[in-house]
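Below, in structure tokens: the form predicted on its own, a single chain.
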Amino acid sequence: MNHAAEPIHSSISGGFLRHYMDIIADKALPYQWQVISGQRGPNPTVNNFRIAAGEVKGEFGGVPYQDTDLSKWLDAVGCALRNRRDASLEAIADAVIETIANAQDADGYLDTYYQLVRPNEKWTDPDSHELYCFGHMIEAGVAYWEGTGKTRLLEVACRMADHVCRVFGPEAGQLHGYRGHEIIEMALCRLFRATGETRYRDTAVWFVHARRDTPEQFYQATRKEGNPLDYGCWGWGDPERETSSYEHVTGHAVRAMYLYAGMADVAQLTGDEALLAHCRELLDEVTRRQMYITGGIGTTSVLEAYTYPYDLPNDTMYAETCASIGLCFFAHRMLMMQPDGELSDVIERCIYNILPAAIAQDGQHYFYVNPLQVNEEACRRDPLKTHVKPVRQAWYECACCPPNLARFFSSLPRYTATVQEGRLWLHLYAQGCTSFKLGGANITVAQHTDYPMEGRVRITVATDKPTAFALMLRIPGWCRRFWIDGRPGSSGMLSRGYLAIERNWSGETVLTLEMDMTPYMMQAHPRVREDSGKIVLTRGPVVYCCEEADNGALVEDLRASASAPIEQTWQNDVPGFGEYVGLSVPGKASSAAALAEERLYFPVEMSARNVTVKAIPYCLWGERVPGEMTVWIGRL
């Protein structure tokens, strides 16, 4: 069975997703460069490379994995330049790439923390982030080559990968285990696809198999004495009885997702059906038992980890931005091998909810933690909630999320469609175009839509010669009713969440998919104790929240009628975003008498007052004025 997707080129030209791609290209990338280059405060990232290259004198600054802020920024620039060339941005990137190349050691090693601070201790600390730094720079090298055709950073990446291949492996004299933060597996697979050098693939395979076959060399041998909680990919409790996250969803949420994405890469490159099946089990485990309705993952701030199935608190949660990006990496790799609407639903949940929420419209403020309930006073005064920020921040000491978000949004076109076994699978709906070759024909499939603000997608298929193939249209899991060219569809017409339109296409053909965007309410599984008796307002793939700006203080006190119709109103009050659909529903809240009570507890006879519960898309929360926010509200 061929699991590999065929060559394809997709672009996004308008709508919601293009809006966020433009925020990255026009606002975030210039701002992030100013930060990491030290123009906006004393950030040491670029200066560390300049010191290592001998361009300036000084000492290393920042955290041991400081290099990755620049690597991810360059990765994002490469993706952005592939979407739209920008001579000024490209010139900045070219110049700093030359500095990076000059900072690299002759043997290919490149990690400015160790080069400048611990030059005699390279590859001696299993808790280091060396492989993490290597992996991100390798990925940047591939992305910049894909976006510009320039090979300077790709050559740096190849030398780094060659170094890793020499140092790590099963042979005598090589290191047989090294814990670190996962990403090297993904990076080596990506570099193999770009260069065809089999040693990169083989080393990635070894890393994945070593974590499975001899995990004690990666983890338990370096566990901290007396600490039952491990920072890496191990879970909770007795080290003698627990399993690694290779076997079960546990441990650090980001590390687990990066590991799983690397495992999926290896499964595809080797045809390992058992590994592929295991990856699907892990993906189902996290999305069906440990994922928030917004697409967030990672339950606790303690070690940024999972706890146990259905434990999904709304106000002490972590849900790091990078974790959801990692979830998209993982789901997309699985989708490339086994098209399945449930996988696309996961990606869609993230890209319309948690990930756009993590960046402000100005491109200069970010969320690291993405809560579903916020009270500003609790964020300041409750020691269990101080990791939650009520407003987006300009930067972070550990700034992994802002440039990671930039590279993800810049790469969105690759998530929209795949061609596999003579079929074009449309996974995401967005204004744009996909082109590919099939059977000697040049085929273009254009989408015209304002999804997810509306449910209508007009699709134009154009081919320069008659060609038979199936156009696979995803019908999202949230969609209850749909029509094709005005004719109603049904779930019985779908296979794995996709509707097959098989034709002998000739010239230009236009068809229209219409999806019902009537708002609806969602409830959580009864095992999610924090959300018992509560509902969420949703419309299409968009999750809504209630803010103090629309509902007054004590938004957790709101209760919505589950039987009343949900009203829709077009609004335009978020600077820089444009129009969106707001929702409202009749509800109740505590009476004035109850609010005025001096007693802490009193009888229930006091009547509640009627209110209109108003909600906006979760991705826009905190964009207007600071205040309370909640996603889950009481149900009447």
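So that there is no doubt, residue numbering starts at 1 and follows the sequence shown. Keep in mind that this is a model prediction, so the values were computed, not measured.
Another form, the form predicted in complex with a further copy of the same chain, is not on view; read the next lines as being about it.
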Exercise. Looking at 291, 165, 369, 194, which is the one with a non-hydrogen atom within 4.5 Å of a further copy of the same chain in the predicted complex?
Worked result: 291
Exercise. In the predicted complex, which of the listed residues (584, 590, 43, 571) lies with a heavy atom within 4.5 Å of a further copy of the same chain?
Worked result: 590
Problem set entry | Interface segment, criterion being heavy atoms within 4.5 Å of a further copy of the same chain in the predicted complex, picked from 47-55, 571-579, 63-71, 604-612 | 604-612
Exercise. How about residue 404: is it within 4.5 Å of a further copy of the same chain in the predicted complex, going by heavy atoms?
Worked result: no
Exercise. According to a 4.5 angstroms non-hydrogen atom cut-off, is residue 529 in contact with a further copy of the same chain in the predicted complex?
Worked result: yes
Problem set entry | is_contact(residue 597, a further copy of the same chain) in the predicted complex, heavy atom dist at most 4.5 Å | yes
For this session: Using the partner position in the predicted complex, report whether residue 492 sits within 4.5 Å of a further copy of the same chain, counting heavy atoms only.
Result: no
Exercise. Any chance 130, 210 and 389 all have a heavy atom within 4.5 Å of a further copy of the same chain in the predicted complex?
Worked result: no
Seminar exercise, completed: When a further copy of the same chain is considered in the predicted complex, the residues of 287-318 having a heavy atom within 4.5 Å of it are 287, 288, 289, 290, 291, 292, 293, 300, 302, 307, 308, 309, 310, 311, 312, 315, 316
